[in-house]
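The chain below stands alone, shown as structure tokens; this is the form predicted alone.
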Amino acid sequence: MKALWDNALDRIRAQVSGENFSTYFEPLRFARVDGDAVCLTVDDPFFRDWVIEHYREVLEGAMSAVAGRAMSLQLDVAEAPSAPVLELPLPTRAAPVDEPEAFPLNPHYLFDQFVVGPNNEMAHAASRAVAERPARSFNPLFIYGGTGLGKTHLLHAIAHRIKAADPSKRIVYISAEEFTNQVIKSIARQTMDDFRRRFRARCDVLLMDDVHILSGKERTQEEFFHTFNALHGAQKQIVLTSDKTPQEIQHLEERLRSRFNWGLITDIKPPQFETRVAIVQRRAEREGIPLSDEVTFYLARLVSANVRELEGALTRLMAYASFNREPVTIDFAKRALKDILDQRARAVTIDSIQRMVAEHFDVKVADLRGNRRLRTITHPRSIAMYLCRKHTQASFPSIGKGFGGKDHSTVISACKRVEQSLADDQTLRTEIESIERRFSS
């Protein structure tokens, strides 16, 4: 029966990267076949839960294909393995985390290449202060905002500036997802002591992207909590980015949430039109691309919420111009970027806004469309109606129809109520900004 597992492993090896295979599949040990279930074991419950959550379908698909019938996965934690699980080819010495190959920096992500506007000037100023005086200005610095607005750019710019001032500084730049993966690898390979030394003893500056990904990962949060304490206690700089404020990250331990609030929390909002024009001009100048003001303004209006998407539209436009050997006129730009227009028109709909609002307030979409009058339902419903009016081309009657056939006067009333409250209600503004950040995610 073990041949079934060995053959399934061969199939999986052909489907995933070598790194994923050695990290997530080689540590699995065959135990037995029990009817239509293949029983495997691992040594750690956290690792078991991760594999079940992320790779159950891959495992069951491979085993079913080999067996010629539907097979299910049973993954247990071994009580006391009598021998090492497997002989993994471990490096004799981990490479220092701040060596170039382990710490790749985008050469274009410099402070000089970051276009500053009203939407990001606080985050930019705080990042420069941290880069000039690590651990003496804001520690931690927590930057939040939607996808593609420049958070990663600022992390790289901080690293470039610190390295330029002091090449001996040991800088770790890592995403929360990769931090989680390294926790899992270290558990599987029984090298947690090396992991802890790498992130606590051999680190002067920790730059972590997308810290909201730690949500719900109890073991990773525990390791990061102790890492945070060790670095902060040793007066080492910590900079974190997220698409949410610490208060908005669900399933985050309160002790971590509290520590994220120790320093400065600042946001990056979608850029205003003038800032978007400056971004297009800066990128075009860097690439040596001549653009008329008409085309520049068209691009800035086309993509309003995401800097990365804006630069991607420019790249796409120039590629089309090169392939077709045509000058970049406004008509050519409209033809080349038509699919972006179509995609954006489909991206934000009444249905999608209802889903995002329901997720944010932890209610059901059916409740938003229903007639329940509880405050916990009417408040999200009003916000959803307001956002539908603001971000779609739907009329008041159409929005009412999308909310279970409500009269257009109900929608008008809800929108006015939200608009009038925005000026004085900071909590309401924060809720709406948080939902709107999802539009560009």
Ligand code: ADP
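All residue numbers are counted from 1 along the displayed sequence. Owing to the predicted nature of the structure, the values given are computational and were not obtained by experimental measurement.
The same protein also has a form predicted in complex with ligand ADP, omitted here; what follows describes it.
Each of 114, 152 and 311 places at least one heavy atom within 4.5 Å of ligand ADP in the model of the complex. Taking 333, 279, 208, 159 one by one, only a single residue has any non-hydrogen atom within 4.5 Å of ligand ADP in the model of the complex, and it is 279. Contact annotation: of the candidates 304, 191, 137, 147, the single residue with a non-hydrogen atom within 4.5 angstroms of ligand ADP in the model of the complex is 147.
Only one of 253 to 261, 317 to 325, 105 to 113, 213 to 221 lies within 4.5 Å of ligand ADP in the model of the complex by heavy atoms, and it is 105 to 113.
The closest non-hydrogen atom of residue 127 lies beyond 4.5 Å of ligand ADP in the model of the complex. Heavy atoms of residue 354 never reach within 4.5 Å of ligand ADP in the model of the complex, leaving it off the interface. When ligand ADP is considered in the model of the complex, residue 237 lies well away from it, no heavy atom lying within 4.5 Å.
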